[in-house]
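Taking the form predicted alone, here's one chain by itself in structure tokens.
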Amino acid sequence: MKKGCFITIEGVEGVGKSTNIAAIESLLRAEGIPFISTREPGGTPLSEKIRALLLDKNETAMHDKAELLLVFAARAQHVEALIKPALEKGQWVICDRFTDSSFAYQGFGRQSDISLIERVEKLALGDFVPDITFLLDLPVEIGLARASKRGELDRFESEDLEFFNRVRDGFLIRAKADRTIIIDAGGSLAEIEKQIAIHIQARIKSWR
């Protein structure tokens, strides 16, 4: 059986990840491609418990290293218990955030040691990386304004503008990887979906 394709969607708060994931789901469904959708942190019962800790606004004393290790603990469980088994069964996997977010949020936002993140990544994941990543890029002010309309902000969403500008810079630096496609999330939804669909269709063609 042919292995599935691992797709990740990245970006700062309010870029429209959920909306565009739904569009990808519709496209795969129409093409008859088996798939699952998941998220990070989270995706498995254990990883969702870790997610709750990470997003809890009351966890104000969480050290940056503790945050980083929790993120990768959740990811290691997610990959081994859900993502890899699905890919081996020939399913495509769509994931809302993955390791690029750790480099952007913990590495650039928290200004943690990038070499430390690389070592933890190697320990937790080995050489496992997405097949294709869509980075939805948007000026931070616009994204945060959108996010604020969704209701109460979580621990990450409550960070200041400077933090998120560093996060955006981190994503753009990480986007130099060949697997990453930058999408202007400031355009119309139809145009964004069209751009993503072109790349997904090309991937489907080479996969079949």
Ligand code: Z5A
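Throughout, we count residues from 1 along the sequence that is shown. Computed from a prediction, not measured in an experiment: that's the story for all the values here.
Separately, the form predicted together with the named molecule exists; it is not shown, and the next lines address it.
Listed range touching the named molecule, judged in the predicted complex by heavy atoms within 4.5 Å, from 156 to 164, 27 to 35, 174 to 182, 58 to 66: Contact-bearing stretch, as computed: 156 to 164.
Exercise: residue 105 in contact with the named molecule in the predicted complex, heavy atom 4.5 Å: Residue 105 belongs to the contact set for the named molecule.
is_contact(residue 49, the named molecule) in the predicted complex, heavy atom dist at most 4.5 Å: It does not: once the named molecule is placed as it appears in the predicted complex, residue 49 has no heavy atom within 4.5 Å of it.
Contact label in the predicted complex: residue 53 to the named molecule, heavy atom within 4.5 Å: Heavy-atom contact with the named molecule at 4.5 Å: absent for residue 53.
The named molecule contact in the predicted complex: residue 41, any heavy atom under 4.5 Å: Contact with the named molecule, yes.
Neighbours of the named molecule in the predicted complex among 17 to 42 [non-hydrogen atom within 4.5 angstroms]: In sequence order, 17, 18, 19, 40, 41 come within 4.5 Å of the partner.
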